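Before any questions on binding or motion, here is one chain by itself as structure tokens, the form predicted alone.
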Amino acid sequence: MRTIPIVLAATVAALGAVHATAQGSDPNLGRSLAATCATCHGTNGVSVGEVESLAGKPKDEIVRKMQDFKSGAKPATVMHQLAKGYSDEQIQLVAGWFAAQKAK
């Protein structure tokens, strides 16, 4: 299971770079944040594996799941740790971006 530490390290590094961008000043911030999810959830949120696709899911559903991961209410293998790295505003941005993507 070396994949999980590698994914976690890459995600943390990407979040750090994105966090350095002033919140709200980058119109592509939601997309940039969502890019860190591609390893597991697929490009543009369209998974090709067993992990849930996020493209086209309702924004409120994604927000609720992320908040549940963040609080520990929803058990996970990795997401509970990753979700803690996002602010509530970032979760809203990511969820909005995935909701706007076309499900396949």
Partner chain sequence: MSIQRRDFLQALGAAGFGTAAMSGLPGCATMGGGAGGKVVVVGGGYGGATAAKHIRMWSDGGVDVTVVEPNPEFISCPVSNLVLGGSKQIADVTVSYDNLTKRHGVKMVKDMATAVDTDKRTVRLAGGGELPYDRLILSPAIDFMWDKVPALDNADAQAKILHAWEAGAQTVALRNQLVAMADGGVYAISIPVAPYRCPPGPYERACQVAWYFKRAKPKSKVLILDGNGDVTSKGPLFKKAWAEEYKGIVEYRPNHVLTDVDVATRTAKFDVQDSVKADVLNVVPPQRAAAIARSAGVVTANDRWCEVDFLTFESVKVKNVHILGDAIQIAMGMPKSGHMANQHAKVCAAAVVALLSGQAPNPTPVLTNTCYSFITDKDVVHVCSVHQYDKEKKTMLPVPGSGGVSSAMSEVEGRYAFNWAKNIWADMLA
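Every value quoted in this text rests on a predicted model; they were computed, and no experiment measured them. Positions refer to the first chain, counted from 1.
Below, we turn to the form predicted in complex with the partner chain, even though it does not appear here.
Put simply, S71 is far from the partner chain in the predicted complex: not one heavy atom of it is within 4.5 Å. Residue contact with the partner chain in the predicted complex: T43 places a heavy atom within 4.5 Å of it. Shown alone here, Q92 lies farther than 4.5 Å from the partner chain in the predicted complex, counting heavy atoms only. Using a 4.5 angstroms threshold between heavy atoms, G96 stays clear of the partner chain in the predicted complex.
Contacts to the partner chain in the predicted complex (heavy atom within 4.5 Å) from stretch 39-74: T39, C40, H41, G42, T43, V46, S47, V48, G49, E50, V51.
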